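Quick setup: one chain, the form predicted alone, written in structure tokens, and binding and motion questions come after.
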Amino acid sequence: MEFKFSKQEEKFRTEVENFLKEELPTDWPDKSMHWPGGYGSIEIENKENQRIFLEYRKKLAKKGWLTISWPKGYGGEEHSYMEQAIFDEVTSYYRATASGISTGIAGPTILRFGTEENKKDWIPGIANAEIDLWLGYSEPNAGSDLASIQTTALKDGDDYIINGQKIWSTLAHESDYAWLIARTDPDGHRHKSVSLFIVDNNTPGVTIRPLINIVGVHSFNEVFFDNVRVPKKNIIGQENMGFYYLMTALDFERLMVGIGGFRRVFEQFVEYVKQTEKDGAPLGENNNVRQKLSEIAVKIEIAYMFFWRTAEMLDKGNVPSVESSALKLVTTELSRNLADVAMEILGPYNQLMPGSEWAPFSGMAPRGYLDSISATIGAGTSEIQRNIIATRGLGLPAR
């Protein structure tokens, strides 16, 4: 059996690559220290790079590439999901991923479950890169079990009044709105009493406080809602159906793996191994090093096959619920594996972080070693993914 892209897909890949090479600085891939799969090192280091990236996103939006698989009536280009996957793979390889919570999670969920008013209110701004959202899911006592959330949104005339707290809110401080789940029926069934809202960060009563993560970066936040008044039209879809919408939104999130970043970092590390000597010989001649890197190379290829498989299923009209969990599990475990191998190969110098002139591999390995922990927790822990595969995929009984 032969796996290959069509001529149209290859042409589109070339078009995307040429666009990136033309629009981004030649050294752009080296400006980002983001570890593939990690949630904790999301940052663009300085104001100039931020400006470049924002202009790049606007150009993508103008071309319709932020939403390339969406219907044209909603700002998309109606490309296939495989072409969407190719776009995501190429941009992540060049460390220029522009699809985020707005276009990768909120937009597709609104298109599937939102009212016509929801679509009119939010889809144009998302498609034009005018709206950034953060995920208001996790709470201090509700992470893997999101049915345990305690944040409430109670009706008051034509509004809802929101009270509660969210935590591990990635980039809330740099976003415009919260994509938030809250309990709208405190006495209802835990799965049938939750609703999805979009909440303006500037609404009175919203307080965002920074959480500095293990990498030393301000990407996370804790957010407090104190009698926050939200108009009724900001509820997505039907009241009390939010938990079911959320399950699909999580499937969309688990497809956002930045697959190209794994290949990019691996290629850079292999080049480092080729050029670095230990005990008078290149590291690449060490059989133990060669064995470990070959195992990682195989795992990357496996991850790619899971990635392309999900795109193929979407093009056939299937919902890759189990497959998205398998993809998420494989890639986040790969993030840990890659970091572990890099740290082992680098030896005693492996603890030197970026900024040290003695740090091997630009200090990426220890940063990735710390960051990859978040990969196996965000968007559902590895244990949760295995449970989904066991129950939904294999039909095993829930414990």
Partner chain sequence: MDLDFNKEQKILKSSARDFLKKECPTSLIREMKNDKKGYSETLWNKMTDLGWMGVIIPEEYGGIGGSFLDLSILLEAMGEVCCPGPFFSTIVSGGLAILDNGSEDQKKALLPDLAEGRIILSLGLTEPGNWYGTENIAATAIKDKENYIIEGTKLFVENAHIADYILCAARTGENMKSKEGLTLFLVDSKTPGIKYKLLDTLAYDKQCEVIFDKVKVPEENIIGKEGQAWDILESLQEKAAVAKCAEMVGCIQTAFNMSVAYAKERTQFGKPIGAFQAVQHHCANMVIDVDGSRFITYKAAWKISEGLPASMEASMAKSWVSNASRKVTFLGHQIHGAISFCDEHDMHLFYRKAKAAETAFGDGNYHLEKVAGQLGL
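Residue numbers count along the first chain shown, from 1. All figures in this text were calculated on a predicted structure; none of them were measured in a lab.
Absent from the display: the form predicted together with its partner chain. The rest refers to it.
Within this chain, F269 is remote from the site of its partner chain in the predicted complex, having no heavy atom within 4.5 Å. In the predicted complex, its partner chain sits within 4.5 Å of a heavy atom of G280.
Looking at Y349, you'd find a heavy atom of it within 4.5 angstroms of its partner chain in the predicted complex. With a 4.5 Å cutoff on heavy atoms, N163 does not count as touching its partner chain in the predicted complex; it lies far away. Residues placing heavy atoms within 4.5 Å of its partner chain in the predicted complex fall in a single listed stretch, namely 144-152, out of 112-120, 227-235, 144-152, 94-102. Checking S321, N128, T276, T203 for any heavy atom within 4.5 Å of its partner chain in the predicted complex turns up a single hit: T276. Out of the listed residues I345, M364, L334, I68, I345 is the one that sits within 4.5 Å of its partner chain in the predicted complex by at least one heavy atom.
Candidate site formed by Q84, D132 and T248: none of these residues places a non-hydrogen atom within 4.5 angstroms of its partner chain in the predicted complex. Taking its partner chain as positioned in the predicted complex, the residues of 361-387 that bring a heavy atom within 4.5 Å of it are, in sequence order, P366, Y369, L370, D371, S372, I373, S374, T376, I377, T381, S382, E383, I384.
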